[in-house]
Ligand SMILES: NC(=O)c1ccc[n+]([C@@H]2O[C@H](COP(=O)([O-])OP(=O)(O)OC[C@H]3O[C@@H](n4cnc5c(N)ncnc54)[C@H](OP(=O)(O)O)[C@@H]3O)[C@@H](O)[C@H]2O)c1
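Just one chain is shown here, as C-alpha cells, and it is the form predicted alone.
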C-alpha cells in the first residue's frame, strides 16, 4: 500500500463488546485480536485471518483483490478466497452453506448482490427485493454457522430516505422511505443493518456494514442500459468517439453524486475488516465538497477519453434522485489522514482501463 493511502487512527484501539448466547461477555480488541468466545465456541483471533469475499469478481471484489495481492494489503499468513457466481448460487441456502463449510472463513466481506442502474431498478423492484433478501439472509446465516467472527457487508447511499435533510449520516437510514425508483433494492439493503443488529443482540456477533457512495473503477459493469451512470457514460462516449456521433447523456445532467474510486474503497474495506469496532454501519465516501453533477461527470469522461464530438442531454429520461449528499465525518474521526484519489485521476485510470480491455470488459 502506498504511503498516500496509509491509514492512521485517532484511537490506539477500540472495543466491540458482544454478548454470547450464555450471556457471558466477550469482546473484540482491534488490532490485537485476542481469543473471542461466541457461545460455546472459542475463536482465536491471534491466528491469521481466512477471508471469504462474496461477489469477488465484481467491481469492488476485483479492487480488493488488487489491493491484497498487488499493493501488499494482505498480512503474513492470511488466506483470501474470492468467490464468483460460478462457485455458488447464494440465493440457494444449501449452496451457500456448502461453500462456507468448504472454506471455513474466519472473516467475510459480503459484496454479492443483484445490482443495476436507475432504469434497471425501475423495471424490476420486486426482483431486486427478493433476490437480495435471499442472498443476504443466506450469507449471514452461513457465516454464523461456521463461526465467522466478522462479516462486513456492502450497502449503498440509495438506502437513505428520499425526503431528508443533508448531509445524510449513519443515524438517518430508517427515517423514511427511500426513493421510489429503486425501493426494492434500497429496502433489501437496509435490512442488512437490521440483520446485523439482530445477530448482535441474539447471537453475540459483531457483524457490520459499510455504506459507500457511487463506486466506479476498473472491472465495472459498463452496460449502457443497466449499468450505473459513470460506466454507462464511459461506454457511450467510447462508442460515440468511434462512430463520430454525439454523446447523448440521459436526463438533465443536474443530479449530483459523490463518486468513490473502487481502489480507495478497497483500501478502506481492509481497515473496516481489521479495525472498525462497531456494529453500526459507516459511510465510506469522499467529502461533501467533492460532490459533482452528472453534467460535470460527463465533462470529465469527455476529457479523459479525448472525445471531440457534440454532447447533448435527453431530458425525456428520468433523472432519479436529485442528490444524496453523504457526510464522511464518522470516517474522518477514525481515519483523519486517509487521502482519496482525485476524481479526474481516478476517472482517467478507469477510462484507460476500459479502452485497453474493451473486448473483455463487462458491457
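Positions refer to the first chain, counted from 1. Treat the numbers as computed from the prediction; the structure is a model and nothing was measured.
Separately, the form predicted together with this ligand exists; it is not shown, and the next lines address it.
Residue in contact with this ligand in the model of the complex (any heavy atom within 4.5 Å), chosen from 247, 115, 149, 283: 115.
The single contact residue among 213, 181, 208, 106, judged by any heavy atom lying within 4.5 Å of this ligand in the model of the complex, is 213. For the chain shown alone, residue 185 is a contact residue for this ligand in the model of the complex, at least one non-hydrogen atom being within 4.5 angstroms. Using a 4.5 angstroms limit between non-hydrogen atoms, residue 135 touches this ligand in the model of the complex. The shortest heavy atom separation between residue 125 and this ligand in the model of the complex exceeds 4.5 Å. At least one heavy atom of residue 90 is located within 4.5 Å of this ligand in the model of the complex. Only one of 290 to 298, 58 to 66, 322 to 330, 303 to 311 places residue heavy atoms within 4.5 angstroms of this ligand in the model of the complex, namely 58 to 66. In the model of the complex, no residue of 264 to 285 lies within 4.5 Å of this ligand by any heavy atom.
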